[in-house]
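Next up is one chain by itself, shown in structure tokens, the form predicted alone.
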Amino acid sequence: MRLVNRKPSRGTAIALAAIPFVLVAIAYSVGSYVRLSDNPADKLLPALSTMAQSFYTMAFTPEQRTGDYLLWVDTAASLTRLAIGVGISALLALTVGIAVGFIPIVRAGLAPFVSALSLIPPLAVLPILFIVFGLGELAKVALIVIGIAPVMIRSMSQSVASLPAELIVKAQTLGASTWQMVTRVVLPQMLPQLVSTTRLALGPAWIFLISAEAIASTSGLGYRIFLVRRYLAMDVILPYVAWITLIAFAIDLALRLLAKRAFRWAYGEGQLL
């Protein structure tokens, strides 16, 4: 049997997926052991036990000054900003993307503007956002929206434009108005694409969120990482990075499962989301 036709069982697939993570953990443990053997005070590669203790302290030991559990406060702050920013961006992508992709007059008026916006480096406008909106939550959410919404809109509009022309012709033949075609033909076809587009936008959204929190914030995962870096506290930084990765993976998995359940018709058997 050709290699391309060999499909691993579920257990084998899980084992194969775990191998890279195990190798990274082993490599880190060896590197940490070597460095700590030469210099027990080394902070660059703390032992796994040290990081576990620091993570436990951040998660389950109240901070002396405020009494807050810092990990959960930071996580709640970051997820709130991320949810608002990605939610607004998804809504814009759905509405503006369908309008640009489906209605020629709107496409002529907005497509060049959206394309230009998508080419602006979002981090370059971060100082402008802080000047205009201040150092509060609005500037951080605005950075996420500016960073991912134009790209999401372009992706959605291209998906709308690539719909089979036969669908539109049949709808017009049956007497459907523009609004009916949007709501009954285009929208159902685009909802699965919206989930996929949102999943792809989550990575950049995290980058913009962490960047904004690092510069001007008093809470959040990015704020905490850049706060403790002055003390070279890698035993806090590395667990926070792993925690962010775990959260991002969980969100992506949740969206994937949502798409499979809600839009089963849109994905063939074995098709990757």
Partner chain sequence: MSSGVTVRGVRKDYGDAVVIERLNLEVAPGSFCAIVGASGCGKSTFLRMLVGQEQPDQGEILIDGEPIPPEPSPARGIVFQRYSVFPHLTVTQNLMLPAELRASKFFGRVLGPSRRKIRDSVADTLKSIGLWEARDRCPLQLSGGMQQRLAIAQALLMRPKILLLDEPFGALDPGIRGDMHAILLRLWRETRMTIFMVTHDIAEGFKLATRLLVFDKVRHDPDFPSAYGSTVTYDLPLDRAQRRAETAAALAAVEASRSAAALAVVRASLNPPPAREEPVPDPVQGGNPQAV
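Positions refer to the first chain, counted from 1. Because the structure is a prediction, the values reported are computed rather than measured.
Another form, the form predicted in complex with its partner chain, is not on view; read the next lines as being about it.
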Residue 165 versus its partner chain, in the predicted complex: is there a non-hydrogen atom within 4.5 Å? yes
Does its partner chain get within 4.5 angstroms of any non-hydrogen atom of residue 110 in the predicted complex? no
Residue 175: touches its partner chain in the predicted complex, heavy atom cutoff 4.5 angstroms: yes
Even though the partner isn't displayed, in the predicted complex is residue 188 close enough to its partner chain, meaning a heavy atom within 4.5 Å? yes
Could you tell me which stretch in 73 to 81, 86 to 94, 188 to 196, 125 to 133 has residues with non-hydrogen atoms within 4.5 Å of its partner chain in the predicted complex? 188 to 196
